[in-house]
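Listed next as structure tokens is one chain, alone, in the form predicted alone.
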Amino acid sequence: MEQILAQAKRVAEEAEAFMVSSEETPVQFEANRLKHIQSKQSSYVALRIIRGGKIGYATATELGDSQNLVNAAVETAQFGMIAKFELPSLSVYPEIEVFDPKVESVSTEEMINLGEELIATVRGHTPDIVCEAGVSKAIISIHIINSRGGQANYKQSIFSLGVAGHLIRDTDMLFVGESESSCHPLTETKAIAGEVLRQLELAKNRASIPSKPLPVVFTPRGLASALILPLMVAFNGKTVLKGASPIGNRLGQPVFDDKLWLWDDPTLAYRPESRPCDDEGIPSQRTPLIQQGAITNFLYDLQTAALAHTQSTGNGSRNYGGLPAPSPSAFIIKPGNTTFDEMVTDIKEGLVIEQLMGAGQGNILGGDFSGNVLLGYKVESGRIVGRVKDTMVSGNVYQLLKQITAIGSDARWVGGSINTPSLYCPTLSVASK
């Protein structure tokens, strides 16, 4: 890394080397059986330079040929965008725990047992269900060094565990599932399997639902599948700079219901999306995005922050080895004080959405979403009476979140990057066959 940087500094005004090494062991089950076990090791180094005021960039999977890497970055700089930023000097980073050595010591046999246990528990409840399961562990090392003396080096562990099942009876298809991830080893399957059993119990009976606007409760999974993607796009500093974000010119203004609070937070201990710094070496911070319904910030990396005449929020992310771009770490919605049962009890006729399929195919920039209810339940007189089939919902995130009846007290993680409670909305367009 030091050699690459030294060579790059001879031909560029600024330079930065970024290296990722990872070792991953996924264990996968399909059709109720162990499908495969794999151990994968990978590493790459990315070089970003500023030469003649323009950004040059190159990557390599071999560290030995540093001169070719530098030459490639110099060539791309001829066609690169104008650099508006300066690389960070040596910084003090927050101490954020993201590595647990116990993850490395979890054996493949233990991982297989966890997957088998999940499937056995779900099939013990519903014998004819067909399950897939996944158990994986990964160790990731990240090293950043730049020509201004900036330097960061940290190691992260990630452990994931999940199960999904489908049940086909004639033309009826039921999909259920739950997963969890952490920087700690996950050695208990009870909570994940219990959530799937809850879904199966609620889906035992079938219920028809009318085509009309109805009150809707989104569970945490339902909310993540329907409403989060448009918000992630809208708060992205790059979208704001392009003038494509519907909230880009609403900073400081109330846009949503005053019960809604949202922030981006990579500083939580032992969460897969946490880190001491972003992929440009900017210290991590909690960034409030919505406070009492008002827009308070957008997410920036170094380049977009400079173009917007503001500071990076520490959200520079290099997906698949590309140039840094602003990206959320962990989106967190503040929980309320209403229980899920209290929300359901309040509804005379309505819908609970557990999972929406295809919601991301609408006009994401405008906040529109529509999709098939992959898993959802009919509510009658304050009770869940059965699962709905052949049902679609459609709406607009900004309209929906302007008027919220209640926010749940049941916040939980969905995947590794979203923490949200249930959300009770007064009306949403529902269509059924």
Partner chain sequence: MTTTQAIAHQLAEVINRYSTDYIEARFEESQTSYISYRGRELDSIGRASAIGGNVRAMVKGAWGFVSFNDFNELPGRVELAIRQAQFAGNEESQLAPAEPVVDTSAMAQDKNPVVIPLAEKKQLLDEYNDIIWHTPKLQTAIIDYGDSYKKVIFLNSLGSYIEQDRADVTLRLTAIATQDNEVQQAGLSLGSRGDFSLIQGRHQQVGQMAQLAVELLSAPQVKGGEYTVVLDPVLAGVFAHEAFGHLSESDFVYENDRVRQIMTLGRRFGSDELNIVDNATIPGLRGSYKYDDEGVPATKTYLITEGKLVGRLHSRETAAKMKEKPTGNARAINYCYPPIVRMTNTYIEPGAASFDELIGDIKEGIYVKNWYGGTTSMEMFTFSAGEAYMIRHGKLAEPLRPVVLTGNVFTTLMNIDGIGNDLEMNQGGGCGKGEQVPLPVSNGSPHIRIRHCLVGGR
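Numbering follows the first chain given and starts at 1. The structure presented is a predicted model; accordingly, all values stated were derived computationally and were not measured.
Missing here is the form predicted together with its partner chain; even so, the following discussion is about that form.
A.B. asks: From the candidate stretches 284 to 292, 185 to 193, 128 to 136, 83 to 91, select the single one in contact with its partner chain in the predicted bound form, where contact means a heavy atom within 4.5 Å.
C.D. replies: That would be stretch 128 to 136.
A.B. asks: Please determine whether Lys238 contacts its partner chain in the predicted bound form, using a 4.5 Å cut-off between heavy atoms.
C.D. replies: Output for Lys238 is yes: heavy atoms within 4.5 Å of its partner chain.
A.B. asks: Considering only heavy atoms, tell me if Thr76 and its partner chain come within 4.5 Å of each other in the predicted bound form.
C.D. replies: The answer is yes: Thr76 has a heavy atom within 4.5 Å of its partner chain.
A.B. asks: Counting only non-hydrogen atoms and a 4.5 angstroms cut-off, does Thr405 reach its partner chain in the predicted bound form?
C.D. replies: Result no; Thr405 lies far from its partner chain in the predicted bound form.
A.B. asks: Give a yes/no on whether Gly52 approaches its partner chain to within 4.5 Å in the predicted bound form, heavy atoms considered.
C.D. replies: No - in the predicted bound form, heavy atoms of Gly52 and its partner chain never come within 4.5 Å of each other.
A.B. asks: Using heavy atoms only and a 4.5 Å cut-off, decide whether all three of Asp100, Arg198 and Ala308 touch its partner chain in the predicted bound form.
C.D. replies: Answer is no for this spot.
A.B. asks: Give me the residue from Leu251, Met173, Ala120, Ala269 that has a heavy atom within 4.5 Å of its partner chain in the predicted bound form.
C.D. replies: Only one listed residue qualifies here, and that residue is Met173.
A.B. asks: Work out which of Leu202, Ala164, Met357, Ile142 lies within 4.5 Å of its partner chain in the predicted bound form, going by heavy atoms.
C.D. replies: Exactly one listed residue reaches within 4.5 Å, namely Met357.
A.B. asks: Can you name the residues of 91 to 114 that have a non-hydrogen atom within 4.5 angstroms of its partner chain in the predicted bound form?
C.D. replies: Those in contact are Thr108, Glu109, Ile112.
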